[in-house]
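Take a look at this single chain in structure tokens; it is the form predicted on its own.
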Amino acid sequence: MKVEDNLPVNPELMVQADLCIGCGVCVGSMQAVGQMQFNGQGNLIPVNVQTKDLRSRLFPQLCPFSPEAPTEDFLSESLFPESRQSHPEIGRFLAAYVGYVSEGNFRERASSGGMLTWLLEELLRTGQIDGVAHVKACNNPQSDGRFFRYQTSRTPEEIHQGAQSRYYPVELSQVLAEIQRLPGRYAVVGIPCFIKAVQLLRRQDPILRERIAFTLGLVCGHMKSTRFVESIAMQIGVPLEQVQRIDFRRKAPHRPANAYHFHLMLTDGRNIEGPWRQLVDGDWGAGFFMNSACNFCDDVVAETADASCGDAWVEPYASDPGGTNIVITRSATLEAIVRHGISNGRLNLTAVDGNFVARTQAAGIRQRREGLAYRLTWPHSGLRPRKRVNPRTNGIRLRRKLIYRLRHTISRWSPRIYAAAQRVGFPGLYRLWAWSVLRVYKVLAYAGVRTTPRKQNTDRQNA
């Protein structure tokens, strides 16, 4: 581990060092007093965190980006000793699959193949859990102050309400407090760093270790700030206060799965839908409004979760309008559930190897392995993260270095320039800047790659 100048690891310093992802574990643990608030860039950060007992000393072991926390390799080895297979880019696992849920309307209602919702409902149906902590839309975002938050579901219909992708900052503190307060067995769903935070907390808290029975991970590109939703509303000419609900990935029979379309439901009952490619910040790989901590992540597939689900971003699956999952199992219980679902025809899954899974997430892995190795060579003040990737510049092509530099610039400056444009009452300033840097990014990222409208916004294999 490396902590510059022996600085103590605490929430404030994690924020100052751009290493706070806003997961809320520091507020939702250790009998803490504090709260999670949005900062000026639209990211959640801990504010006024104080603890009631000496367990504050445990914070360095609880924060997922802390330089003193165990790595994903260490955690997965202790959590999943039965997982015999190992891959350098997706970690330990029992088995991996590609496919979708063939029963009911799971696939239809999901962003992808419906596997995550199916697994949660199966755990509930078989009595292995009493509730699910996952992200759901807020009924009244204007009064709630946000569009999404972690909530607890205890029925199949409530679980279904948590389907779909949520590219929006959320935090765990309230659901962790609820799990500590209400006995039962729970499953927690989250992106890789959130699942790691939950596993770190389970190591220290015997109540949560007993009550959080399963963790299900989401394959992750990066965390967006609230500015992304604001930007979508601004670009289509709708005041944010008129947005009642947003779906980031709306399916349609005539569209391939990788051609993202957003859908906004307004307070006056109108519905507006459009393709991501019409947005100046709609290219996912460019990193608009990306949380700064994502620049220091080396886990794409939630390596510490009992099972992980994501999209199969390779053909022929990427173009399938229905959506297709990759599924990685690490616990024997979830592997048995998946195998039983396959055998009785409820799941249409085909076994694959680790190399196939890695290919489906090639761009994300490149950003978090090669890109991270390069970023770790840059000057960084304050706390220094400890990663499984060693700093290096050798062997990285100049074009890739320029992509990583530009992506970092876009992620750093997009919320600032957006906020400045709003302050001066000239939103076109942000659009002009975003359009300009996106043009440069596309030249670098897609040089020599044939990009069609069907693939333009999510060509994850080349970005």
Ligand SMILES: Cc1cc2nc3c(=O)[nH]c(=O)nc-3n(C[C@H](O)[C@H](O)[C@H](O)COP(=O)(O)OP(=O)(O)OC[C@H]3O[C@@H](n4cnc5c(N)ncnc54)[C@H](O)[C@@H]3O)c2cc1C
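Each residue number is its position in the shown sequence, starting from 1. Treat the numbers as computed from the prediction; the structure is a model and nothing was measured.
What follows is about the form predicted in complex with this ligand, which we do not show.
Between this ligand and the residues 285, 190, 371, 131, the one pair within 4.5 Å by heavy atoms in the predicted bound form involves 190. Of the residues given (167, 356, 276, 147), 167 alone sits with a heavy atom within 4.5 Å of this ligand in the predicted bound form. This chain is displayed without this ligand, yet in the predicted bound form the stretch 167-175 from 226-234, 85-93, 167-175, 69-77 comes within 4.5 Å of it by heavy atoms. If you check this ligand in the predicted bound form, you find no heavy atom from any of 21, 59 and 297 within 4.5 Å. Though the partner is left out of this view, residue 385 does not reach within 4.5 Å of this ligand in the predicted bound form, counting heavy atoms only.
Taking the partner from the other structure, this ligand in the predicted bound form has no heavy atom within 4.5 Å of any heavy atom of residue 328. Taking the partner from elsewhere, residue 313 is found to have a heavy atom lying within 4.5 Å of this ligand in the predicted bound form.
This ligand is not shown here, and in the predicted bound form it never comes within 4.5 Å of any heavy atom of residue 347. Of all the residues from 116-140, those having a non-hydrogen atom no more than 4.5 Å from this ligand in the predicted bound form are 116, 117, 120, 134, 135.
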